[in-house]
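Quick heads-up: it's one chain on its own, the form predicted on its own, in structure tokens.
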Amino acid sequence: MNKPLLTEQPVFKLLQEKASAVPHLKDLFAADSDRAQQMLVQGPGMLLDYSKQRVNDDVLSALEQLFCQLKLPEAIRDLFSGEVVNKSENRPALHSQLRVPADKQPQAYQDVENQLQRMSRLVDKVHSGVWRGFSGKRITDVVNLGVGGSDLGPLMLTQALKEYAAPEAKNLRVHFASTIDGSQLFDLLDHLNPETTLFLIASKSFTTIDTLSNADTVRAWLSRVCPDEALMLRCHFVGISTAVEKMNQWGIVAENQLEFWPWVGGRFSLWSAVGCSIALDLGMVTFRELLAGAHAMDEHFRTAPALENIPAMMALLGVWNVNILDIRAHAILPYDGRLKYFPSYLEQLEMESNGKSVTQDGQAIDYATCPVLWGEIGANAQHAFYQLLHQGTQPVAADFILAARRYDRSLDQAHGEALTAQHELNIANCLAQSRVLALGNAAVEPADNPFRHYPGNQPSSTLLLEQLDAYTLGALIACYEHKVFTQAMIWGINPFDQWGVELGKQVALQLQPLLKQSDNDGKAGLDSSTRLLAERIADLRGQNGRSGK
């Protein structure tokens, strides 16, 4: 028997009824001087202020009912206990097991620590100079070849935590290449020395066409200077995958293989050996701190009641905005330049996980699921799309992310004072923007001029981090992972598969041979647009230089 849809839950109608009774945010704040104190949730290394969300006590009570009515405590228990929560692929989703400390890891998952130790030895060999290229020179550059979860998470983390790199890692340069068109490799290979470059091939299935096409290009590049293929493969390639046999077939030697498990989803895999690039760039101590912060958030999510649980509250508020207030856009606004790639990381995490239109039972859904996510570093975004947030016609929810402390590690007092002043200006901008989004003109003064009218009532939450370090960032990432899972359970969908992504890859593989055909026989079954574009591309590729038209 199919489970009831969200809209069939008794409390859903109650939530709809309560929406019309929620006043403007400016009135909610005016009526309750303690509103912020009552809408604050503390978690590992951070706190969540959701007082600028369009909710009152009645709404929060109904959302708590929804949490219990949908048996979300049981769903959370199933997630952590290894039950099959990824039903379409008949798998558990145990990425949280990757962050359990070694002394608490059950025997059944001891291989998690074994692989971390294996990765640690590899990292130490590179950092110490024991690992050498084919000509005997030490490794100076590492290139991570991956895409999606094998690229976005490691790229984001290495950029965010650069100042915490271990001394032994500071002379190593780590790069990332993911695009299937080869443009990133084109730029990189021009500047890299093949004698001193190590490549990590990170692919869960070791069949990902984007990653393997880049790997094949690199292999050809190396073979021009190292004709001994066995030596080249041993000195310059590391494979990271669940598919040992596929790595063997490609030529990755056994001692250069790092493994993870089918129960780790690609976009949840940075905690595994997929994080090797992170460890190489920052050091294993920093990587272990990342795991520790994530584990602390796991325990918070697993044990805290709904309204005292940061990921659960973020999920419930998101569902309220999407399904009751009909807000279909969500902006991620970190006020910290180190989090440059965090919005991109969350775009994949949330939209690939929850961009679904059928339930786990295969029922079509008659309500919205994941909103469209986008974002930018807040101070830059102010000069880009904040105009739409403040005076546009579209309602948008937002997450502001801010670190309370910054530049504690500055090298000299004068330099530190100047940077601290800049950080204070940054904080002021963050608080000002969330205030005006919520209160509109009430944040400053009424305006008779229509061009200076700010309606406000745009909902937002603020995640205030104590500081941005490996522990806190690990907790923050895990927080969003658990938010995604909780929303998926409310919507009744599976956040751990991505069949829409797979279909695009399948069709691309079918089309690729047709681009090489000189006749139209193979194109007969195509739609007219695809056929026309394929023919025009073939014509243009056959011309030398520009046609002048």
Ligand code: F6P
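Keep in mind it's a predicted model, so treat the numbers as computed, not measured. Start at 1 with the first residue shown and count on from there.
We do not show the form predicted together with 6-O-phosphono-beta-D-fructofuranose, though everything after this point is about it.
- Only one of the listed residues (352, 399, 469, 298) places a non-hydrogen atom within 4.5 angstroms of 6-O-phosphono-beta-D-fructofuranose in the model of the complex, and that residue is 352.
- Just one of 75, 147, 427, 166 comes within 4.5 Å of 6-O-phosphono-beta-D-fructofuranose in the model of the complex, counting any heavy atom, and that one is 147.
- Taking non-hydrogen atoms only, residue 498 approaches 6-O-phosphono-beta-D-fructofuranose to within 4.5 angstroms in the model of the complex.
- Within this chain, residue 196 is remote from the site of 6-O-phosphono-beta-D-fructofuranose in the model of the complex, having no heavy atom within 4.5 Å.
- Although the partner is absent here, residue 105 sits far enough away that none of its heavy atoms falls within 4.5 Å of 6-O-phosphono-beta-D-fructofuranose in the model of the complex.
- Under a 4.5 angstroms non-hydrogen atom cutoff, 6-O-phosphono-beta-D-fructofuranose in the model of the complex has residue 267 among its neighbouring residues.
- Partner proximity in the model of the complex, defined as non-hydrogen atoms within 4.5 angstroms of 6-O-phosphono-beta-D-fructofuranose, places exactly one of 501-509, 478-486, 27-35, 63-71 at the interface: 501-509.
- Relative to 6-O-phosphono-beta-D-fructofuranose in the model of the complex, residues 159, 179 and 184 are all farther than 4.5 Å at every heavy atom.
- In this stretch, 308-329, not one residue has a heavy atom within 4.5 Å of 6-O-phosphono-beta-D-fructofuranose in the model of the complex; the partner itself is omitted from this view.
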